[in-house]
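Next comes just one chain, in structure tokens: the form predicted on its own.
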């Protein structure tokens, strides 16, 4: 069974990420949300913490071993500061982790190092599709074999930094199985749409993509001719976003609790009012219980076990928790909760999208 005590390396990484979240991400979140742009140096500083690099073996340019547990601990701590900033820093994970999990030895050696060893660049995965019933095991984007290559047709949405990506990892259905293909940014048949507008995470630039008879060579298929089992990659995606949901939820509780203790009505702190006290208690209970679901899913991934069920439960539970806790934080702050000067309304908008964000980060 997994341990509840992080090792020394994990403690060092979490401490560094926590400082970054508190001193850099949190103070920049509001301005970035309003302007729709994250400062480049903010992303650069987050990248230099080495969260993704710590999960990539040295032979592929990293400085650690693949650990989903380390990834979720760091992702939660970072998302406490700001969800959009966390998704930006971790965007290359959607390109690197599928290759690390499902790629051939040659693909790992060739494709991962240029991402990991360099400064942050938006190598990203194109995962989510613009369908209300989107299901990653039944992609509507299709790939077909053609004379030693693959031809891709379809659409994607919510692809971060797609307008500036040097290369994309596109997920598509191939003969009934979801597979992934490396697509150069200048590939013929690839169209990048206009920047999308969303309820939250407006600091994260995302774009739609369209593929019209886009052709890639056979070696661009992750896993080679045999491909890969997508289950572990989907579990990784669900677990990563679930950990960020816990970070957002914890931020809401950490803000609402001291406010409730200090805010007085008729001479008594509102935290002493039963209705408020019960809200705060339920928030804490849901956060702690769902955090354990995330840890279990990450632990099973690290053991090489099938973690699909645990990862799905973690994402489902944390999605509800994020929505509940951020909504409660707005309620506890009363009228102030609805004012943009306070961060809880931003967290509520961001939290509402958690259920749809799977695929925007991986561990």
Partner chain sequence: MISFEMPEKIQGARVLMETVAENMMRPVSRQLDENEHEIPWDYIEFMHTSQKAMGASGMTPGDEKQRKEKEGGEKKKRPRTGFQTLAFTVEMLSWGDVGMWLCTPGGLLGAAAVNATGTPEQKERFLTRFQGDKPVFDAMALTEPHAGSAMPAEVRTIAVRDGDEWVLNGEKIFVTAGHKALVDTDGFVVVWATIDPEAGRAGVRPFVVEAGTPGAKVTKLEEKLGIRASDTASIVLQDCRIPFENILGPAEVIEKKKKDEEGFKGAMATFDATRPLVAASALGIARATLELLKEMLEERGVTIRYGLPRSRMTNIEREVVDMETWLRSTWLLTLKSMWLADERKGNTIEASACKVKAGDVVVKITQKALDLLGPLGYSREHLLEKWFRDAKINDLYEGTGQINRLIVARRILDYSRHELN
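Positions refer to the first chain, counted from 1. This is a predicted model, so every value here is computed, not measured.
Heads up, the form predicted together with the partner chain isn't pictured, but that's what we're talking about next.
Contact with the partner chain in the predicted complex, defined as a heavy atom within 4.5 Å, is made by none of 44, 48 and 77. Put simply, residue 198 is far from the partner chain in the predicted complex: not one heavy atom of it is within 4.5 Å. In the predicted complex, the partner chain sits within 4.5 Å of a heavy atom belonging to residue 269. In the predicted complex, the partner chain sits within 4.5 Å of a heavy atom of residue 293. Using a 4.5 Å cutoff between non-hydrogen atoms, residue 121 does not count as a contact of the partner chain in the predicted complex.
With the partner omitted from this view, the residue of 285, 231, 218, 185 that lies near the partner chain in the predicted complex is 285 [heavy atom within 4.5 Å]. A heavy atom within 4.5 Å of the partner chain in the predicted complex is found for exactly one of 61, 337, 317, 64: 317. With the partner left out here, the partner chain still marks one of 133 to 141, 90 to 98, 201 to 209, 156 to 164 in the predicted complex; by a 4.5 Å heavy atom cut-off that stretch is 133 to 141. In the predicted complex, 257, 261 are the residues of 240 to 262 with at least one heavy atom within 4.5 Å of the partner chain, listed from first to last.
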